[in-house]
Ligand SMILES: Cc1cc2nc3c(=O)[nH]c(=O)nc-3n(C[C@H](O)[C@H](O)[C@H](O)COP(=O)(O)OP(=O)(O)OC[C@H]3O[C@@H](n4cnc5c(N)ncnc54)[C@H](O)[C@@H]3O)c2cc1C
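What follows is one chain in structure tokens, specifically the form predicted alone.
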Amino acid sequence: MSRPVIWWVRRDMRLTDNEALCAALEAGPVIPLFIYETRSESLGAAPRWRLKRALEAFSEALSEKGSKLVLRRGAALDVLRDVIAESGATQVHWGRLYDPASRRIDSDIKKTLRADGVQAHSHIGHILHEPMSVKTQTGDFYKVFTPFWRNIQSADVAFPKNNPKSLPQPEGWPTSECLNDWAIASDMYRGADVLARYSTAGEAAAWQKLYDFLEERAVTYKAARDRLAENGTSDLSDNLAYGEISPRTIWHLGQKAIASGAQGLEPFLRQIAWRDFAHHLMYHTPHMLQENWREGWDNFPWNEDTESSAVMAWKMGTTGIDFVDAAMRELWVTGKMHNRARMVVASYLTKHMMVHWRVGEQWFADQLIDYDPANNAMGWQWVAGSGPDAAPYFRVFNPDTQLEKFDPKRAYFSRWVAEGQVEPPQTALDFFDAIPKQAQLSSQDTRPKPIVRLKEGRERALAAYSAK
């Protein structure tokens, strides 16, 4: 029997359209390996909770193929060398990531394993087009989305790889740790039970979401995606974040639907391109993850106090601004937030409240089950004005007019804010089960007055931006 091959699983927890898996299968019996390393341990509470769910679903999918997921904790290189020694594997394959830490680790692993006589190969899998492959006519990287979008619209996207019928097993399996022993989701405390009511994990669930969207909602996506109370989006963001479905799969099925006459899908595919653009920028300008992307913003008078009473009110959905509070409570309950709402709460924090975008970015990194470092940083800097392709400084979203426009019947607000309702829905009540008890909030409370009134907050922000 041929020597086994290690398939190092990272953000590609799927069997369909997995380049690393296909390469491993061509070489021999496959040992799927997930390593709980520093990068995973440093994730926020909600992303780690979702990671556990992804691993559970993926492990079950592998079992159905006659295989299993080997779990190890430690530094990636050390674990890989240990498993290679135990199994006799001669090759390692994995999917590439594009954040600076992953790139450094990947480079070190390739260099070391190859020196050990082990073949080490990384593969595309997390995005449509690799950042180094999309270039301007002058050979530079893109800094503005629209020309980036025009470029990839005409670029070929490889067709998805098939789901393998089976995964050949090695003669012997290396030892595996127990997922529950890692206590990945422990920091979620009682909020874990609430999140579980509003999310599904795994490749099968992702495919079902995509089919439902294409059959039921794709035709109305362009208009419905901004209607806060409607189920107008694909809801695939967390599945993409953990690689439970590939962007190539979504792209090709979307193109097929367009060719069959489906209307309104180009804006949906554009969102997949925005995701690529975020990774494109992170690859070429990695400082965007922690520092202002644009020059001249380091002295902007943002407040960075993460524990101020105003910031805590923003986090807890008690700002007194209806749209902001509804959105922040949606985040507590579901681990997600409507994209329109993300822009509004970010604008209120960075402009009306004059709080640094990093404060919001870090809070989202802890709370989002669809957390992606590139998307998160780009989104926050776009709204704040300091980022690539950013909203102009004078674009200060008015939460009240935004709510009136995209939630005219206040159904979204009523779904998430219980105070003032005689019989609030379960979605609104779940917020009080998700937050820490020490917050001492109740559905019987009265709505607070705005911590920053919209007119005065806007005027202060415009004055600061104009003086920058």
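Counting begins at 1, following the sequence as shown. Since we're looking at a predicted model, the values are computed, not measured.
Heads up, the form predicted in complex with the ligand isn't pictured, but that's what we're talking about next.
Peer 1: Does D235 make contact with the ligand in the predicted complex, using a 4.5 Å heavy atom cut-off?
Peer 2: Yes, contact at 4.5 Å.
Peer 1: Going by a heavy atom distance of 4.5 Å, is M328 a contact of the ligand in the predicted complex?
Peer 2: Although the ligand is absent here, M328 would stay clear of it in the predicted complex, with no heavy atoms inside 4.5 Å.
Peer 1: Please tell me whether any heavy atom belonging to W251 falls inside 4.5 Å of a heavy atom of the ligand, as the geometry stands in the predicted complex.
Peer 2: No.
Peer 1: Is there any non-hydrogen atom of W380 lying within 4.5 Å of the ligand in the predicted complex?
Peer 2: Yes, W380 lies within 4.5 Å of the ligand in the predicted complex.
Peer 1: Determine which one of 291 to 299, 340 to 348, 125 to 133, 152 to 160 lies within 4.5 Å of the ligand in the predicted complex, judging by heavy atom distances; exactly one does.
Peer 2: Among the candidates, contact is made by 340 to 348.
Peer 1: Do heavy atoms from each of W274, D372 and N375 fall within 4.5 Å of the ligand in the predicted complex?
Peer 2: Yes, all three are in contact.
Peer 1: Though the ligand is not shown, can you say which of F148, F364, Y98, W332 has a heavy atom within 4.5 Å of it in the predicted complex?
Peer 2: By the 4.5 Å criterion, the partner-contacting residue is F364.
Peer 1: Taking 4.5 Å between heavy atoms as the contact cutoff, choose which of A201, I109, L228, L368 touches the ligand in the predicted complex.
Peer 2: So the residue touching the ligand in the predicted complex, by this definition, is L368.
Peer 1: Within 89 to 119, which residues come within 4.5 Å of the ligand in the predicted complex, counting heavy atoms only?
Peer 2: Result: empty, none.
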